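Just one chain is shown here, as C-alpha cells, and it is the form predicted on its own.
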Amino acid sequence: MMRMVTQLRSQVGYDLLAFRRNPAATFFTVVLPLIFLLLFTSIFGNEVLEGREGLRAATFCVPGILALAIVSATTVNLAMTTVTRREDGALKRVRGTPLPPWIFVFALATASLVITAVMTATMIAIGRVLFDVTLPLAGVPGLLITVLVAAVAFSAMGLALSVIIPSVEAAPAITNAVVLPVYFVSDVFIVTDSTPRLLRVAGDVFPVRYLTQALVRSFDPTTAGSPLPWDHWGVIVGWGVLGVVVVARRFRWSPWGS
C-alpha cells in the first residue's frame, strides 16, 4: 500500500511539473480563462441587477468562465498531453515500467484536480477583488462537490477524447473544435433567454451546461431551495462514466495500437 501511495505521489508530482513546463498547456488552462473573464466582464459590464438583491452581473459571468477553466484543466489539457505522450512513445515506455496503469491514469486525474482547485481559488479571488463577486457560505459545499465531480468526470472525457485524435498536430484543432462550440451552447459566455431553441437543445445534451448551472447555483445567494444540484451532478457523472468506458476499451498506449 505504501509503495502505491509513493508511486502515486511521484507520478502526480511529475504530471504537475510537466504541466508547468508546457507553455501551451499553461496558456490554455491558466491564462486564457482569465483573459475571457476580463474581456467579457468589460464588454457586458458589471452593473447591479434589478430585482436580484444587489447582485452584480459578474456573479453569473465568473461561474461560466470557471466552468471553462475546469474543462480546460481537465478535458483540453489531458487530451492534448496524452496524445503528445502517446505519439512520442512516452506512454509505451510507461507500460514497460513497474508502474501499474491504473496508478498512471489516477495520477493524471489527481493532477488535473489540483490544477482545477488552483484555478477555482484564483477565479474566486479575482471575482471578489475586481468585480465584487462573493461566494455565499451556503454555496461552499455545493461548489466543492461540483469541482471534485467535474474534475474526475471531465478528466475521463479528456482521456476518451485522446482516443480519436490521430496525431500531435491534430490535437489542438480537434480538441478546440469539440469544446468551443459546446462552450457557446452551454451558457459559458452569454446567458440569454433569446438563444434559438435548437442551440438550447444541443446545450442540454452536453455536460458543460450542467457544470455551469451547478456553479451558478453556488454563487447565486437568491437560489431557491438547496444549493446542492444533484440532478446536474448526475448528468456530469453519466458523461464521466461514458468516458471511463471508452478509455477502458479503446485507450492506446502507443501510436500503433494498444
Partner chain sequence: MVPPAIVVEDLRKSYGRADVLRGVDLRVEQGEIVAFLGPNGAGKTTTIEILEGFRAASSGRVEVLGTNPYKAPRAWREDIGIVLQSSRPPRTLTVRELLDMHGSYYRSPRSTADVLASIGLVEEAGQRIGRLSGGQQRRVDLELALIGDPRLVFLDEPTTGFDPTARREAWGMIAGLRDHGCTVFLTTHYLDEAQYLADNIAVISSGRIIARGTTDELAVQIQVGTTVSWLAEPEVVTGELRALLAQAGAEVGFSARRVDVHVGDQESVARVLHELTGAALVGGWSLSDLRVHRPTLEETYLALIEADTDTVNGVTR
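Given the structure is predicted, the values throughout are model-derived calculations rather than measurements. Positions refer to the first chain, counted from 1.
Heads up, the form predicted in complex with its partner chain isn't pictured, but that's what we're talking about next.
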Does Val245 reach its partner chain in the model of the complex, with heavy atoms at most 4.5 Å apart? no
4.5 Å heavy atom contact, Gly96 and its partner chain in the model of the complex: yes
4.5 Å heavy atom contact, Val237 to its partner chain in the model of the complex: no
My question is simply whether Lys92 lines the interface with its partner chain in the model of the complex - judged by any non-hydrogen atom within 4.5 Å. yes
Given that the partner is absent here, state which listed stretch (176-184, 142-150, 116-124, 100-108) has heavy atoms within 4.5 Å of its partner chain in the model of the complex. 100-108
When you measure heavy atoms, are Gln7, Ser10 and Asp88 every one within 4.5 angstroms of its partner chain in the model of the complex? yes
